[in-house]
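Only one chain is included here, represented as structure tokens and corresponding to the form predicted alone.
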């Protein structure tokens, strides 16, 4: 990308902060955005102050050596009600697809689920964990990435005794699935 095609610094910072699932360090943002750390740090502090001044429902905080969006304390009750009410709502197509990948590929990392689905699934995975359908089950030896599996609640909701009762997947797959997964 040329400099003409790059988004403004503040927009780029906001876009990155929307997808991180843990605080991101100023130095990391500066490296990714190829901008001086001081400039990135100043932009982060300005954004944080603006969100507070405007009374936004979210806050940009510096915690644990990095920056991340958080829900404002005065919105906690509304967010809690939404999350709890969400327990009763239907799953989105993305959540169903993600849950299927976990069910058939477990134990599996988020990166692997994203690779199979072809889109980032971090937010969907968090939703499935919050709903108790998917859980962490350790880490992958080579990468240290968190592994996920389905829960007993998942089995209960689907009316299954165990995973062996999941329907065969082969009839629903294209003939060249190995080539698709290998990117050929």
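This one's a predicted model, so the numbers in the text were calculated from it and none came from an experiment. Residue numbers count along the first chain shown, from 1.
Not on display, but discussed next: the form predicted together with a further copy of the same chain.
a further copy of the same chain in the predicted complex is approached by residue 120, whose closest heavy atom lies within 4.5 angstroms of it. Interface residue remark: residue 142 is not counted as part of the site for a further copy of the same chain in the predicted complex, having no heavy atom within 4.5 Å. Within this chain, residue 65 is remote from the site of a further copy of the same chain in the predicted complex, having no heavy atom within 4.5 Å. In the predicted complex, a further copy of the same chain lies within 4.5 Å of some heavy atom of residue 50.
Contact residues in stretch 43-64 (any heavy atom within 4.5 Å of a further copy of the same chain, taken in the predicted complex) are 47, 50, 51, 54, 55, 56, 57, 58.
A decrease of at least 3 Å in the separation of the C-alpha atoms of residue 25 and residue 130 is found in the predicted complex, compared with the displayed form. Pairwise change in the predicted complex: residue 16 and residue 111 C-alpha atoms lie farther apart than in the shown form, at least 3 Å.
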